[in-house]
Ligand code: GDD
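Before any questions on how it binds or moves, here is one chain, the form predicted on its own, in structure tokens.
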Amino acid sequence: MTEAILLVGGKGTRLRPLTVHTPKPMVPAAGVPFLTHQLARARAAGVEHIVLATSYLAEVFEPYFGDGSSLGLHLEYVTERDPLGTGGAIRNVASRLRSGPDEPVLIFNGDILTGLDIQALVATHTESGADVSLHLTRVPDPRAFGLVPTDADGRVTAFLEKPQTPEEIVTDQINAGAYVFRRSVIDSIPAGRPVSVERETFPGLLAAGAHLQGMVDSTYWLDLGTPQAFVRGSADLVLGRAPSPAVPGPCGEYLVLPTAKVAPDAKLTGGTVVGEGALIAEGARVAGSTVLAGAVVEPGAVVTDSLIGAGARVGERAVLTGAVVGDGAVVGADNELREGVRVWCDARLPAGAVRFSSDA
């Protein structure tokens, strides 16, 4: 297998313009745009040609990644005029593929961070003679996902909607968002209309007697569909829990990018990333957070599991936990912002304006 399709669209990472000016797919995760990690992992698995199937913000990808040569890849870009769904997006780029009818094509989603052994998935596909092979992962609570049961040989037996009752939870296996398709199967997807692989393509293939193989790989897996998950994924990349050859530095408790400044007595832990030109001042503590370029965390501030936007400022002694602070925003001294708080780009919170704790 030497080529792949990267699906960049759908819900994406829900970092809305109210929180970051940077286009969503280009918000840095562990120091580089998130897609860089996916592209680098595919290249490390032997992929040479990738078609990016985009449905929004397409104009930001090509200027940054170009032809892919800097990553050892050949990249092409195809943009949907109208939303086509996952299956429609795959079919929409078929003309750019070079594989023969029986050759495998890797397909993966642009908002999933995973430690999947790509070569093992391809080997499973080849050895089983499957038409489509799916990466499956196990989750503790599968109620939010569609279920994918398999038989003793790993062959998929059904695609089940999100379970509504305990009796409907027949497996903890879910679709993890990476596939290997036989090229001829891609060509069989209807063209020019929305198609969901989860609701139409896969169930249709199964009903027609096609061979769908599941490979359960329960290594690292995270859906980056929320800001909290995005921050967690960035931290896990820095900590080495999520593997990527694109992290621009050694794995550890923190990653400080060039031109950033960190005071000697500041403390960085939990996979924190400090972007270029950012400042972490005296006595500040930052854990499991992403501080984007040019942001300032002032003396004594405590920032945990949060995203601090480019050029934003967190005032002295402010306490942030699970917060998203938009680009250019200012959180004044002595504010306390807890889980789920969003501060709009360029907004200004006066000193001591918000607290959750008792003053007693």
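This is a predicted model, so every value here is computed, not measured. Residue numbers here begin at 1 and follow the sequence given. Throughout, rigid core stands for the largest set of C-alpha atoms superposing within 1.5 Å between the two forms.
In what follows, reference is made to the form predicted in complex with this ligand, a form of this protein that is not presented.
- Proximity of residue 112 to this ligand in the model of the complex: non-hydrogen atoms within 4.5 Å are present.
- In the model of the complex, none of the heavy atoms of residue 188 sits within 4.5 Å of a heavy atom of this ligand.
- In the model of the complex, this ligand lies within 4.5 Å of some heavy atom of residue 146.
- This ligand is not drawn, but in the model of the complex it has no heavy atom within 4.5 Å of residue 36.
- Look at 255-263, 240-248, 279-287, 80-88: in the model of the complex, residues with non-hydrogen atoms within 4.5 angstroms of this ligand sit in 80-88.
- Heavy atoms of no residue among 313, 316 and 356 are located within 4.5 Å of this ligand in the model of the complex.
- Checking 223, 131, 217, 76 against this ligand in the model of the complex, a heavy atom within 4.5 Å turns up for just one residue: 223.
- Put simply, of 161, 103, 168, 127 only one has a heavy atom within 4.5 Å of this ligand in the model of the complex, and it is 161.
- Comparing the forms between this form and the one not shown, the C-alpha position of residue 77 differs by less than 2 angstroms, with the core used for superposition.
- Taking 2 Å as the criterion, residue 102 does not count as shifted between this form and the one not shown: its C-alpha moves by less than this amount when the rigid core is aligned.
- Superposition on the rigid core between this form and the one not shown places the CA atom of residue 243 less than 2 Å from its counterpart.
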